[in-house]
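In structure tokens, one chain follows: the form predicted on its own.
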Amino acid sequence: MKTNHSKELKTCSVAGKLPLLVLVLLFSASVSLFLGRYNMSSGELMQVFYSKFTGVPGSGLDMAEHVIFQVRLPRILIAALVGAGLSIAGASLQGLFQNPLVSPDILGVCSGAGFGAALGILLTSGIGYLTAGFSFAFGLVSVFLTLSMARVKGESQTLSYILSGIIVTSVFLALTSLIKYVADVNDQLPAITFWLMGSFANTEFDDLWLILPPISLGVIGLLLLRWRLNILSLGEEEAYSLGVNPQATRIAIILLSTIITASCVMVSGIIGWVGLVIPHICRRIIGVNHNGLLPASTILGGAFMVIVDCLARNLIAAEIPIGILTALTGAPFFAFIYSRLKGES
């Protein structure tokens, strides 16, 4: 009876924290609408939205309307979607492999998607739908190669996945370096280099509609499987006894995480550390139960990416690639995790 009561209190505590995280996301997105090189007051922002949704023409606010609806709003929505996707993918893979240092690119999806984008830029001399398609396709191919290599018999299925991912990542990084070597140094090479750093510059609503279906599919799928992640942590025999097929569940989680990550990379470039850092923060707030951890990671990941993107475009006159800022945040956090895990079995 006492145990049931404590479980109920813990569930209520988690349920109470999720709305607070939603408020953090909404607040960060609202503040980001104000901040930028084009300054505007709260009154102007309200007038722009009133004019847009009521059809009443605004007086002298055409530039403000363009900045809000063509530049900032799609960028904020894409940043939130990408942050949410990378965070839930990272949290799911950490739970799957039972390793707190696992990130969404552990299976080679980011390196494969990066190679696809570099190849697209080399062939088209630009960043368009063909480049995005190449990026998404090679992201899926890389994980397919990883899963195929992991079929080789080994003592640990988890170890087989990780080692196969390392091999595939190395191959695609080498191929990306080869493309950079043969690319035109005046046009193609700078575009490839800048894209690989990660950025939401020049994103628009077309990019949002492009990634919304696959990321939504992946996020919903992972949320539906979150209770199975808890069961997998009990071991394969226990999972089978509870009616869960561990192998099928692993493949499903890996494929859904791959779809999310590849979709994120094809519009934003390679943005690291988000899928590693955010799940750890959420474990401090929510706990290790994936029923609350995955929704919390989704929400906080979106808020985190919106905040970092806002800093990227406002800290200095020239926009900072967002991958640099996430690395500056994630690397010290990685060192902190390593120091905490040192000496543990």
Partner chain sequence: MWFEKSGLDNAAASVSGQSEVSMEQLYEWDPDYVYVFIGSPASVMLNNRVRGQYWSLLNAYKNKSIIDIPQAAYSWGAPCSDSPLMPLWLISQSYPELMDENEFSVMFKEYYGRMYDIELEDDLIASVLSPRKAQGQIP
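Note that the structure is predicted; figures quoted are calculated from it, not measured. Numbering follows the first chain given and starts at 1.
Keep in mind the form predicted together with the partner chain is missing from the figure; the text below concerns it.
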### Query
Which of these stretches, 273-281, 295-303, 63-71, 23-31, has heavy atoms within 4.5 Å of the partner chain in the predicted bound form?
63-71
### Message
On the criterion of a non-hydrogen atom at 4.5 angstroms or closer, are Y38, N186 and E319 all touching the partner chain in the predicted bound form?
### Response
yes
### Query
How about F144: is it within 4.5 Å of the partner chain in the predicted bound form, going by heavy atoms?
no
### Message
Check S170 for me: does it contact the partner chain in the predicted bound form (non-hydrogen atoms, 4.5 angstroms)?
### Response
no
### Query
Might S241 be said to contact the partner chain in the predicted bound form, defining contact as any heavy atom within 4.5 Å?
no
### Query
Taking the shortest heavy atom distance, is Y181 within 4.5 Å of the partner chain in the predicted bound form?
no
### Listed residue (S233, S177, N245, N202) with a non-hydrogen atom within 4.5 angstroms of the partner chain in the predicted bound form
N202
### Query
Which residues, if any, of 246-261 lie within 4.5 Å of the partner chain in the predicted bound form when only heavy atoms count?
none
